[in-house]
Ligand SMILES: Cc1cc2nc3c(=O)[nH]c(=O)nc-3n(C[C@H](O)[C@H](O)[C@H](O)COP(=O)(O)OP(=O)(O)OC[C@H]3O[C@@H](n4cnc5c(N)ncnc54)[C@H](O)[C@@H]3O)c2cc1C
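One chain comes next, on its own, written out as structure tokens in the form predicted alone.
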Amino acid sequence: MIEKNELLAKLPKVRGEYKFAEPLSKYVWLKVGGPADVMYFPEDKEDLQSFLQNKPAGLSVFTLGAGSNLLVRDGGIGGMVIKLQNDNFKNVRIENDTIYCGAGLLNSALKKTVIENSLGGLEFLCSIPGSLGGMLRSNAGCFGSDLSTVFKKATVINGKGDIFEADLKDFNFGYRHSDFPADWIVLEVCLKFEKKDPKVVREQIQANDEYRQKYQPQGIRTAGSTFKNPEGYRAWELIKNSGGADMVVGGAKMSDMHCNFLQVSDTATAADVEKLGHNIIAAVKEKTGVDLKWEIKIIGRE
């Protein structure tokens, strides 16, 4: 880990805030993982742009979204972790058939706008844990839709501080995938919608919420779906039929309600989570010949 004084001497002055050796477990849903060498919370896009234009050469940068589908290893993350936490990154505006959402806006916060303005086609987004910027990287989805089905364009900033627009062709969206350059940071996401009867929008959102309450674990420390569904298969069935549903490593296990949801206890470490996942992948491979792929993103030092 880089020493605070060594880092501080190299970092540009910002209007936002730096935090050193900041525990990343505070910012991810699993509540495990080590610290960031330094975290940066920009005040606004101009502050972020100035930082990127003046940051030390060779400083690695990782942008942390809502942390809903992320595992940070116990050794933490080297270099800089950026989090767009300020309200300046959570703005929302509607123009014609398009809604413009700041990258830091949580999907749960989007729900009120979708209901109040009868924004049809966006109902599925309201039940996905996470932020709009993070969803773009993974092309998150549920209930038969994903972000690519409603995406129009995004405003992004690259590692040099250049701000520009990117559209559908720039991302090559696939199942839980996009070709998202590592040094891009999303500033704003533009989504299309169609006006619907307000009652229909409310009922669809309610139905989605009720489905999750009935079939997916709530109120536990989890990162959502742990593994992607391989083509032609359902991950939870592969896990159950291979004995993975009953596996436990330290404080990590699979949910009794849905065995593709990995959950952790207060004693869990990131190493427990990662080892359990690898054990399940191996069991499924041995039993079925199918290769499970992580849906959770894993990052950091062991």
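Residue positions are given as counts along the sequence shown, with the first one as 1. Values in this document were obtained by computation on a predicted structure and should not be read as measured data.
FYI, the form predicted in complex with the ligand isn't displayed, but the following is about it.
- Heavy atoms within 4.5 Å of the ligand in the model of the complex belong, among the stretches 266-274, 33-41, 61-69, 249-257, to residues of 61-69.
- Distance criterion of 4.5 Å from any heavy atom to the ligand in the model of the complex singles out 223 from the list 77, 99, 223, 201.
- 212 is the sole member of 153, 212, 228, 111 with a non-hydrogen atom within 4.5 Å of the ligand in the model of the complex.
- The candidate spot formed by 45, 52 and 92 lies out of contact with the ligand in the model of the complex, as no residue has a heavy atom within 4.5 Å of it.
- Proximity of residue 4 to the ligand in the model of the complex: non-hydrogen atoms within 4.5 Å are absent; the residue sits far from the partner.
- Contact annotation for residue 128: at least one heavy atom lies within 4.5 Å of the ligand in the model of the complex.
- Contact annotation for residue 184: at least one heavy atom lies within 4.5 Å of the ligand in the model of the complex.
- Looking at residue 142, you'd find a heavy atom of it within 4.5 angstroms of the ligand in the model of the complex.
- Looking at 28-48, the one residue that comes within 4.5 Å of the ligand in the model of the complex, counting any heavy atom, is 29.
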